[in-house]
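Below you will find one chain, with nothing else, as structure tokens; this is the form predicted on its own, and questions on how it binds or moves follow later.
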């Protein structure tokens, strides 16, 4: 038994060592740069001035807090709406019918698509020069494509939210379909036999059963959308900018002194996501202890 355990530990040590070195090493080096430690330009003094500049200085404070608000809005809205659409889609097609395979395929079609491709698709479909604007203009709903509502590159991040809903709903759908298929319909039939209507069966039977998996997937989607760069960079505006876009622009600044602010923003994003993950594990452990 001891030999088997030692063999497992030895087999896992090299990949874990690489992961820990690259992950925590990168975070540690980024944290040092956020504290102003940049030997390449002769800066060795450790301080928190980059964090202060980003969050409280006259130059950057407004950019940071509006960007943080946009980040939270986009992440919460896209995660919630993608989960809702996926849940009702999974409930609608979980039973066997003649077109179930086709519906599953259509709902999961964008799962392997890169987020960059989805963002470009949003531009082609929902922009003021896109497919919907031209179609609405052709059939007379609007006077010209320029009269179409601004859904892409808008200050509220609607285009970014649309991209994440389009992409992440498939992720939620796969998880929910597997959960619903494994649960079957016995619980609902029992509730129905006791007089529960459709809404009551959904509220008191289905939702509590799928909520743990739904919440786990929501944490993953929220964390990704909060720290992602490519979709906000393509579909966002110059102001307000989401934090990952701001951080990357700091990093690309020809003035290497600005790299500390970029790293500070990156560390702030990582801390917020880590707090969310720790909160999720705390809730999970609390539920386990309660059960």
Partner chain sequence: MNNNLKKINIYAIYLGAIILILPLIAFFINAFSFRWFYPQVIPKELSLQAWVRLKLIPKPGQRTFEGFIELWASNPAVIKALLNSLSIGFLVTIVSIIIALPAARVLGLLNFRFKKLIIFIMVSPTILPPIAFVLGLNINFISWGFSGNYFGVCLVHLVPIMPYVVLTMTGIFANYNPDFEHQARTLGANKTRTFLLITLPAIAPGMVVAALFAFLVSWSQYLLTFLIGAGKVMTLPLLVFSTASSGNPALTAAISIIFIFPAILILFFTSKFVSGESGATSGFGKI
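Residue numbers count along the first chain shown, from 1. For clarity, a rigid core is taken as the largest C-alpha set superposing within 1.5 Å between two forms. Source: prediction; values computed, not measured.
One more form of this protein, predicted in complex with its partner chain, exists but is not displayed; see below.
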Next on the checklist: in the predicted bound form, does residue 36 come within 4.5 Å of its partner chain, counting heavy atoms only?
Outcome noted: no
Checklist entry - Taking heavy atoms only, is residue 244 within 4.5 angstroms of its partner chain in the predicted bound form? => result yes
Item to check | residue 60: touches its partner chain in the predicted bound form, heavy atom cutoff 4.5 angstroms | outcome: no
Next on the checklist: I'd like to check something about residue 107: if you look in the predicted bound form, is any of its heavy atoms closer than or equal to 4.5 Å to a heavy atom of its partner chain?
Outcome noted: yes
Item to check | Those residues of 134-151 which, in the predicted bound form, come within 4.5 Å of its partner chain by heavy atom | outcome: 134, 135, 137, 138, 142, 143, 144, 145
Item to check | Residue shift check between this form and the one not shown, rigid core fit, residue 277 Cα at least 2 Å | outcome: no
